[in-house]
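Next up: a single chain in C-alpha cells, the form predicted alone.
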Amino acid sequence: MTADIVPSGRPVISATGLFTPQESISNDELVQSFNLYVERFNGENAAAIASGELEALQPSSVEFIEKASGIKSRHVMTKAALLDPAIMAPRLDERADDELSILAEIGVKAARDALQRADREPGDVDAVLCAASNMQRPYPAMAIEIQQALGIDGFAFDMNVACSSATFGIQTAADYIRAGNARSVLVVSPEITSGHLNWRDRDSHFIFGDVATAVLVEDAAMAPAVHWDILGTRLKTVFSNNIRNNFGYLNRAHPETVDAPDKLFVQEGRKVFKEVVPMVAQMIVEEAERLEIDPQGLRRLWLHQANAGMNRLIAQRVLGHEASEDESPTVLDTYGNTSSAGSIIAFHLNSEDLQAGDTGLICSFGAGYSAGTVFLRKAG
C-alpha cells in the first residue's frame, strides 16, 4: 500500500478468510454418543423415573436432526470429549498468559488467509474488530491480542451481538472508512461455539460447530481490482429471551449453578422461527427498496446458517420464489451453525463465480434478537 493514496470514503470488501478445524462430528457419531448417555441416565435413575420424580430422557436420531435443522455434520476443535457420554463438553488445555489464546489463534489464521487473498501486509491494516458470540475472557480484548499477534499498529476492540456479530462488525468497519478514521479494517469472527452448547439437550445438542472467519473492509481507493462494493448496511435489534445464555463472570458468586442448563445455550426454537423469519425478510426488502435495489433481482443471498427451513422461507419472501442452491447456498449441512461466521462462510465459499455488476446480500440474525444486512455489488 502506498501512503499517497487519497481515501475515497467508500467502503468495500477486499477479501475474506476462513479457518476450518480438522476434526468433525457426523450426525451418526453424535447420535450414538447422545443415545448412550440417555441409556445410562435412564438406567441410573430408573427408580426416580418410575416414581414420577424424573422424566425419562428421549433418544435422538439422524432423521430428527436433519429434519429439524438440515445439519449433517459439524467441525469442532476437539471431538473426543464431546463424544464421551461421561463428559460431553469441550476439553481444551488452558494456556499460560504469555501464550497465544486459542480464540486468538484461530482468529489469526482466518485473518492471515484474508490478508493473503488481498495481497496485504499486517502493516497495511489500521484496526481489528473481534466480532463473535462468545469471548474467551472479558479482558484484555481478544481483538487486541489478535492485533498484537498479527503485528498491526492501530486499534482493536471486541464486540458481541451474538449471531449477528460479523455483520455488525462490517457496518462498524464501513463507518470507519466513511468517516476517514481508518482505511483498512479486519473484522475477525472466531467462533468456538461448542463451548456454550448443551451437548446433553436433545433439542439443541446437534446445532453448533467451530470455525473462524475474517473480512477485510477497506477504502475503495486502495482495494484490489476484484472486490465487493458495499452498497448499504442496516442493523436491527429487538429484545427477546427466546435465545439466551446466562453464563458470565458474575456466576462465580454462586459456583454451584455454573453447570446449570441455563448457563449454556437455550432457545425456544419455534418462537424464534415464527418471530425472526418475518422480521428479517421485511428488513431485507425495506433496505433493498431504500437502496433502490430490486430484492427479486439479487443474484445471491448469503444467509445466516442456523436453520435450513428459516433460510428457505426468508429467501422465498425476498426473491418471490423458492430459492435454488445457486441463489441461496448452504454450508449448514457440513459446518453446522457457526453463529456469526455462518453467513461469512457462505460468502467466502460461494462468491467467486459471480460476475462484475452482480448484486448480493450477506445477512445474519440471531439472539438479541439481532439482525444485520450488507448489500454488495461485485466490481472488477
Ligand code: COA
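No experiment lies behind these values; they were computed from the predicted model shown. In case it trips you up, residue 1 is the first one in the sequence shown, and so on.
One more form of this protein exists, namely the form predicted together with the ligand; it is left out here, but the text below deals with it.
Although the partner is absent from the chain shown here, none of Asp229, Ile293 and Ile362 has a heavy atom within 4.5 Å of the ligand in the predicted complex. Site annotation in the predicted complex: the residue of Ser184, Gln171, Asn307, Ser194 reaching within 4.5 Å of the ligand with a heavy atom is Asn307.
Scanning Asn27, Ser351, Ser69, Ser328 against the ligand in the predicted complex with a 4.5 Å heavy atom cut-off leaves one residue, Ser69. Of the candidate stretches 144-152, 266-274, 209-217, 80-88, only 266-274 has residues whose heavy atoms lie within 4.5 Å of the ligand in the predicted complex. The ligand is not shown here, but in the predicted complex it comes within 4.5 Å of a heavy atom of Cys163. A residue is said to contact a partner when one of its heavy atoms sits within 4.5 Å of a partner heavy atom; Asn45 fails this definition for the ligand in the predicted complex, lying far away. Shown alone here, Phe64 lies within 4.5 Å of the ligand in the predicted complex, counting heavy atoms only.
At least one heavy atom of Ser60 is located within 4.5 Å of the ligand in the predicted complex. In the predicted complex, Arg202, Asp203, His205 are the residues of 190-205 with at least one heavy atom within 4.5 Å of the ligand, listed from first to last.
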